[in-house]
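One chain follows as structure tokens, the form predicted alone.
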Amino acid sequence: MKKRLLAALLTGVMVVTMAAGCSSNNKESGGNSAGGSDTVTLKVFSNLPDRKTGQGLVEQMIIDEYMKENENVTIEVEALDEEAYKTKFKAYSMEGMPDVVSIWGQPAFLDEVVDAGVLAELNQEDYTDYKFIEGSLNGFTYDDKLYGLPRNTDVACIYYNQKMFEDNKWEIPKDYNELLSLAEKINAKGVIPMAMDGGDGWPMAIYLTDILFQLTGTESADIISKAISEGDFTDENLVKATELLKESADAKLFQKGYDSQDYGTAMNLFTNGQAAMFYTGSWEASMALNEDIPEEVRENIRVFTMPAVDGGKAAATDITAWNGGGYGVSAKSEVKDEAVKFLNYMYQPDKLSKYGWENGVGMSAQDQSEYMTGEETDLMKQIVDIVNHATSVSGTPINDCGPSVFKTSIESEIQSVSNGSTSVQDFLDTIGSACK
């Protein structure tokens, strides 16, 4: 699986470089699709609340185009931030799901919702010509049946303010010890070294995955799988990775109060120039195009990936990357045919993939090579270069590799171990117990 994902990432991007509630509002009487005269209402439930920039903008562009081309179709959007989204998704699972929904192609999410009969099976043959990169549909496939389509190829990134680094003569760290030394230098200037969304849990779980991958390289996926299947997280590498996470917080790498602050707060600290770095993913590459961000910051956003860990098996070119979120269709949608038709429209290569590339929202799960113009932002070119030179990728982050009870446990306990209020051993014992 890791080799297939790496091949997919490399193949798709190297070509780029070479190129330079249920729908009770349905008013139709005969079940006609968009080509008919009867009116149809589709409900879309999205985890992209910002409809003016980034992926939310791209999603809304496609929705608007679909309604313009299909005048008998009305699409109603409910968009919440990720944590609120997942909470309401659970409620909808019991009450009745909207027609088209955001989903994730990881076991922690997909396995349970498929078992619960929430998602409709899709016809795999429909997507033969949709240019999905090899292996990208694997996470959305369960018992050889396809239940969703991936939107992104996600890469864990450390964004940084290039001008701030240059003005202070700070250098990009070559290893993890240099990163912690850099934190001391940045703090001495009265600047936050790295903005971190610790309140939600999942970014720090990805950060932990990043450290573990640098420690163990391609063995990390097997280490995680074994720990989850046995409910035993005593592997020395898991211990070391957790200790390094705590050491990072102790070194004041993250902002004061990181363990209770959310994603928007962390991003604002970086985009307002209060933090020198920001830990998140390639999906935020559109920051370089967001005119709401001050020009001095926006034009100087650059990126690097997790530095190598001393004694670790991975190189700096071994990166934490995976196929992330996407979309599915409700199994109980009263307008299922129309919902699938809209989903398929959305994933036409000249829609989601093309618009995403043009708006700098990161890398698609579809081949985007033909949309490379050479006019992309320096930030986007950097991310492409990182993937081009990747020697291996991690696959799914640790928090999404097990059952939902494990995901909940690690994302709610990781703040306590990072800030020292829980010991490393107690943390590992707790998340291990969640797997049993």
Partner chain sequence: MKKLYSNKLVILSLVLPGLLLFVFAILAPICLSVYYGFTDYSGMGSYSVTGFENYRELMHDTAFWTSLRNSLFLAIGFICIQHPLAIVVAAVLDKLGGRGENFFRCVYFIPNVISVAVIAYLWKFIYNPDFGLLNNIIKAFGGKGDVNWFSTDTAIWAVLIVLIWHGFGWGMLIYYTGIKNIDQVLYEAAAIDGADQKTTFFRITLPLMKPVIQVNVTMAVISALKQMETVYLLTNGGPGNSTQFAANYLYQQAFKAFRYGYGNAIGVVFIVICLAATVILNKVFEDRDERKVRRLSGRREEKAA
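Positions refer to the first chain, counted from 1. The structure displayed is predicted, hence computed values, not measured ones.
Same protein, other form: the form predicted together with the partner chain, not shown, and the subject of what follows.
Student: Does any heavy atom of M67 come within 4.5 Å of a heavy atom of the partner chain in the model of the complex?
Tutor: M67: no contact with the partner chain in the model of the complex.
Student: In the model of the complex, does Q425 have a heavy atom within 4.5 Å of the partner chain?
Tutor: Q425 lies outside the contact set for the partner chain.
Student: When the contact criterion is heavy atoms within 4.5 Å, does K189 count as touching the partner chain in the model of the complex?
Tutor: Contact check for K189: no, nothing within 4.5 Å of the partner chain in the model of the complex.
Student: Please tell me whether any heavy atom belonging to S229 falls inside 4.5 Å of a heavy atom of the partner chain, as the geometry stands in the model of the complex.
Tutor: Answer no; every heavy atom of S229 is more than 4.5 Å from the partner chain in the model of the complex.
Student: Counting only heavy atoms and a 4.5 Å cut-off, does the partner chain in the model of the complex sit next to every one of L179, K246 and S369?
Tutor: No, none of the three is in contact.
Student: Heavy atom within 4.5 Å of the partner chain in the model of the complex: which of R302, K86, K163, K354 fits that? Just give me the one.
Tutor: After the contact test, the surviving option is K86.
Student: In the model of the complex, which of the listed residues (K145, K90, K169, K174) lies with a heavy atom within 4.5 Å of the partner chain?
Tutor: If I apply the 4.5 Å criterion carefully, the residue I get is K90.
Student: Given the stretches 125-133, 261-269, 343-351, 232-240, which is the single one in contact with the partner chain in the model of the complex, using a heavy atom cutoff of 4.5 Å?
Tutor: Contact criterion met by 261-269 only.
Student: Heavy atom within 4.5 Å of the partner chain in the model of the complex: which residues of 94-129 qualify?
Tutor: Stretch hits, in order: M94, E112, V113, A116, V118.
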